[in-house]
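Presented below, as structure tokens, is a lone chain in the form predicted alone.
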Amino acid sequence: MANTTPTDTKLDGSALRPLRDYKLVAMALSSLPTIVTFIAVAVLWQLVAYSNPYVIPTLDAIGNSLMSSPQMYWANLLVTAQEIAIGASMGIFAGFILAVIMCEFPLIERAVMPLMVVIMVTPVVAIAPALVVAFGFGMLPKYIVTGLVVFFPMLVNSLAGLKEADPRALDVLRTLHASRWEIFRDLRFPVSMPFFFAGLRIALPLSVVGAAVAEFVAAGQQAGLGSLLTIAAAQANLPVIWASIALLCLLGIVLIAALAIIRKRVLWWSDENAVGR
């Protein structure tokens, strides 16, 4: 066997450099259509804004609004983020727990699922005023509205994942007298994770929508980006309206990006073509 010298190692490293450069160029080229699309939309936006100033504001007007009142936007952003964090957590937890119960007890699934469908097809805008009457003018109705929007996607995806367990593996575990908890821990839970994260990809953007809708229709504390948007609309303040919308979009993008990072760490074993991608 030939001896490896430091020079050889150095040459090997330099030989890999063109491959790294090629990957960087390939990534840049793959991002080019997205960049071109955003630039085209920005140019079109500016053209429409200059010709129709009472329809949409210019991008610089939106930026100036954000820069001139950063504390106002930041305070309302924190309120909406709090509603998303608490409400979405409630909906995700409740959806997954109910999915586990339905998976273990099919009778409960047959009894409860029709009721869940009825609740989900009921417009959340119609439910919000009733929640205010029941729970007061605080933050709780907004948490519940946000949780309701998130709940059903998590329930359906989690239930589908828990039922995806291989029947042959289930038979083996039952033959070994495994308990329900052991079957859940060692088989159903790992198998359901791609479906769980697929549900999160649907639920987290919906949580932003739910929080904004809750602030629109749930009377009480006038705080949050949804409330700021409503006040600005009443004043016909287009820069504030679109700045609030931009921050809501940013919240959704941050949630999706964070979810992608977490999924990559948690589901490192998952195939690229798995359902959760």
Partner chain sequence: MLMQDVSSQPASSLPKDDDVGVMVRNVSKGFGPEGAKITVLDDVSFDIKKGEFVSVIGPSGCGKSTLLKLVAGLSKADAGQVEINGSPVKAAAEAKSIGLVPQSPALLPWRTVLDNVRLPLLINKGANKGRDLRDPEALLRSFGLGNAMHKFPGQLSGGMQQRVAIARAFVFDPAVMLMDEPFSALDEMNRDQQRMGLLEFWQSNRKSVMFVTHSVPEAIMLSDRIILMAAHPGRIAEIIPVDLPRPRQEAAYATDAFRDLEGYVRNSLKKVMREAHG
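Numbering follows the first chain given and starts at 1. Quick caveat, the model's predicted, so the values are computed rather than measured.
Here the subject shifts to the form predicted together with its partner chain, a form of this protein not shown in this document.
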{"item": "Contact test in the model of the complex: Pro190 vs its partner chain, heavy atoms, 4.5 Å", "value": "yes"}
{"item": "Contact flag, Leu173 vs its partner chain in the model of the complex, heavy atom cut 4.5 Å", "value": "yes"}
{"item": "Contact label in the model of the complex: Glu104 to its partner chain, heavy atom within 4.5 Å", "value": "no"}
{"item": "Contact of Glu164 with its partner chain in the model of the complex (heavy atom, 4.5 Å)", "value": "no"}
{"item": "Partner-contacting position among Ile119, Ala75, Ala81, Ala178 - heavy atom within 4.5 Å of its partner chain in the model of the complex", "value": "Ala178"}
{"item": "Contacting member of Ile202, Ala169, Ile86, Ile127, with respect to its partner chain in the model of the complex [4.5 Å, heavy atom]", "value": "Ala169"}
{"item": "Residue stretch of 179-187, 105-113, 144-152, 119-127 approaching its partner chain in the model of the complex, non-hydrogen atom distance within 4.5 Å", "value": "179-187"}
